[in-house]
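One chain comes next, on its own, written as structure tokens: the form predicted alone.
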Amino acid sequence: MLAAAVQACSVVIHWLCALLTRQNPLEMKRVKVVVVGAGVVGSSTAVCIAETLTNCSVTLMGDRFTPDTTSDIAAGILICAPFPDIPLERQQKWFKDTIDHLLTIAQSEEASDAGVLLSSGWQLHKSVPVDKKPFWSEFVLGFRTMTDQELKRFPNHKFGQAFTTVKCECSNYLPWLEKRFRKAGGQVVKQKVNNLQELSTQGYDVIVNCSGLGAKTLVEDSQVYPVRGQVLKVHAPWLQHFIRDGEGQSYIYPGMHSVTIGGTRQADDWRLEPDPGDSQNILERCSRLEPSLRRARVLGVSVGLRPSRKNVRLERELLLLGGRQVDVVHNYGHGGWGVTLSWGTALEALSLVRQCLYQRPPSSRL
């Protein structure tokens, strides 16, 4: 009698499992997910998906990988300006999730390999800002207003903030992420993606678009535009604290092997060649903030195009590609804040991918 009851229960459980499987057709097979774009946003997103959704086969695809991405050029300091049309609470979560993730690495034995370190310093303002406490101030360490004594060092500035944040050097961090991605079973493919339809024909069930500036042509997003940034690497090992002008035009960020000084913010400028005039201007501006830089040796000059947009695009939609409906998750348009928001937006993109496995969302576009 007991055996018959057990057998009956087994039949019911089997029937329920079969019913659930029919309700979730994507779970009947190993779901193929492709992440397009191998910068810090794409790499972070690929790691989050591969490590969390074990029923997915995840491919990271792009035409440029480290050390040839825009992320490799970024100074990688965790500071951010708000996007105008995104709820501040959402942006705070992106920032908090990212800095918490990187703080964990910074306090681990992986810190050196990952290129993640704590960085303390000052953000300066020529006049008192309307918002004396940025939206991210509660998530960095020891945020406070600078004292009058501290400000005496910077006579052209009237107000300042002192705090400790995280610096993430992508020349180390991206290879570290790729290793972590491969360990989770991820596949890496170096390939230029011309349109989303070709990914559909390759059999991918979910496409995650982290193409950055490439989204301008890949999904014909006219809101995406480049903001040219030029930085110098200098040898100045005596500098231990960062200095940043509040407007973000001039900054000095000590790192693991050199000091990054910058910069430029040249909208709709596609030039990738270093501009000697910009280099000279950067040196002059930063030397006014830190006179000892006049004797620093320049190690190199780099130029990158920030993938800018009025607002980050982080959403899902359902597209008809190659005669079939394909779920697409967009995660791009971070501008100069790619490193700062990378892990937070990756976690939200992961949540959207998870939703794709259970439901078909209505088509939408921001």
Partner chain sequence: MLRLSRNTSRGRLQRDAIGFLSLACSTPLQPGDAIVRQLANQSNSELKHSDMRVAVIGAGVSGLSTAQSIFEQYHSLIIPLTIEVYADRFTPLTTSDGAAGFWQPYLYDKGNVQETKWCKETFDYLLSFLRSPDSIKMGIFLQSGYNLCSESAPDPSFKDSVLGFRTLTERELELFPGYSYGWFNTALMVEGKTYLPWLMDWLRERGVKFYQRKIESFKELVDSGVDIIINCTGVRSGDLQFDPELTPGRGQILKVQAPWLKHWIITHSFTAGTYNAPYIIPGSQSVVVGGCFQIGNWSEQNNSEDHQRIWEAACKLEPSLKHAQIVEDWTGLRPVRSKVRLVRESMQSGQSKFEVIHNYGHGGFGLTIHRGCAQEAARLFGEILELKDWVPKSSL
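Positions refer to the first chain, counted from 1. Since we're looking at a predicted model, the values are computed, not measured.
Beyond the structure shown, there is the form predicted together with its partner chain, which is absent from this document and is the topic of what follows.
Q: Whether residue 206 contacts its partner chain in the predicted complex should be assessed with a 4.5 Å heavy atom distance threshold; does it?
A: Residue 206: no contact with its partner chain in the predicted complex.
Q: May I ask you to check whether residue 99 falls inside a 4.5 Å heavy atom distance of its partner chain in the predicted complex?
A: Yes - in the predicted complex, heavy atoms of residue 99 and its partner chain come within 4.5 Å of each other.
Q: Would residue 139 sit within 4.5 Å of its partner chain in the predicted complex, counting heavy atoms only?
A: It does: once its partner chain is placed as it appears in the predicted complex, residue 139 has a heavy atom within 4.5 Å of it.
Q: Residue 109 versus its partner chain, in the predicted complex: is there a non-hydrogen atom within 4.5 Å?
A: Residue 109: contacts its partner chain in the predicted complex.
Q: Which of these stretches, 272-280, 188-196, 76-84, 235-243, has heavy atoms within 4.5 Å of its partner chain in the predicted complex?
A: Looking at the partner contacts, the answer comes out as 235-243.
Q: When you measure heavy atoms, are 91, 131 and 248 every one within 4.5 angstroms of its partner chain in the predicted complex?
A: Not a single residue of the candidate spot has a heavy atom within 4.5 Å of its partner chain in the predicted complex.
Q: Which listed residue (265, 179, 288, 126) meets the criterion of a heavy atom within 4.5 Å of its partner chain in the predicted complex?
A: By the 4.5 Å heavy-atom cutoff, the listed residue in contact is 288.
Q: Could you tell me which one of 120, 223, 202, 217 places a heavy atom within 4.5 Å of its partner chain in the predicted complex?
A: It is 120.
Q: May I ask you to list the residues of 53-76 that have any heavy atom within 4.5 angstroms of its partner chain in the predicted complex, in sequence order?
A: None of them.
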